[in-house]
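Just one chain follows, in the form predicted on its own, and it is written as structure tokens.
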């Protein structure tokens, strides 16, 4: 597919948690095209998770512009940003954000209940959920009806991934999604992400400390090189 449309456009983007604190994010410019698979790396404290939350509208910038699919999320009300995220963004959070007493299958299909746009893309929600879970080795009948609170951390992580993928969101954001997976499942997981995103022309933003995974992506971004806040912090630490 020819990648021409910019789906993520950051200009003079700055964020900090409090007025008297230094910037956590200070990015002059970053553009990501439709269908790109982008790997973002950087040490702890370089702002990776904060950046992802800005892209998803969980946080809003203090300065600058964060345009996602042509929309300025900071100009929306919180409820509008929530609806936009549900419709257009699949997000694999570090803490998974699963509902512990719902079953595996119900947690995956829950994403469709918050978005009619994604629900309309799936003819048979439970069948689609099982298809995704099967590719993550999570489709055993005894697992599908099991409350996610009874699963291992690695199993919960795979449920969160299937939930993010269902309904073909235009953008998939994954924050350390392979941290609890063994080597074989990690390879299968990356293959599934690439396959699903390519099929739906979705854009993949993938954050990980595991730099061996960057070979599977179109582009690798070291946040220390584009985030002036992280660069300043590195200089400060080196001087101490």
Partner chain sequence: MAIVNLALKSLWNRRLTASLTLVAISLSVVLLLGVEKLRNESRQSFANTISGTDLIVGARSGSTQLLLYSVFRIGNATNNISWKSYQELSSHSRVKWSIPISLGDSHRGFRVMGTTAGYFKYFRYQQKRLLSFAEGQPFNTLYEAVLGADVAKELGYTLAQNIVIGHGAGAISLVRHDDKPFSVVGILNKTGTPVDRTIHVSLQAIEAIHIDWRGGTKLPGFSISAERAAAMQLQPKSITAFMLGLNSRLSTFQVLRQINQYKQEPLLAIIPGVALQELWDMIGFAEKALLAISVFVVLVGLTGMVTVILTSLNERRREMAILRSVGARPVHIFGLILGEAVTLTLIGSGLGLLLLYGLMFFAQPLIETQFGLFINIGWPSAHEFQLLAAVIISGVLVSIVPAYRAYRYSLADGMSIRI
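Residue numbers count along the first chain shown, from 1. Small disclaimer: the values here were computed from a predicted structure and weren't measured.
Beyond the structure shown, there is the form predicted together with the partner chain, which is absent from this document and is the topic of what follows.
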One stretch from 204-212, 187-195, 48-56, 26-34 that, in the model of the complex, holds residues within 4.5 Å of the partner chain by heavy atom: 48-56
Exercise: residue 102 in contact with the partner chain in the model of the complex, heavy atom 4.5 Å: yes
Heavy atom of residue 137 within 4.5 Å of the partner chain in the model of the complex: no
The partner chain contact at residue 132 in the model of the complex, heavy atom, 4.5 Å: no
Close approach of residue 159 to the partner chain in the model of the complex, 4.5 Å, heavy atom: no
Option touching the partner chain, based on a heavy atom within 4.5 Å in the model of the complex, out of 75, 116, 127, 79: 79
86, 98 and 111 all contacting the partner chain in the model of the complex, non-hydrogen atom within 4.5 Å: yes
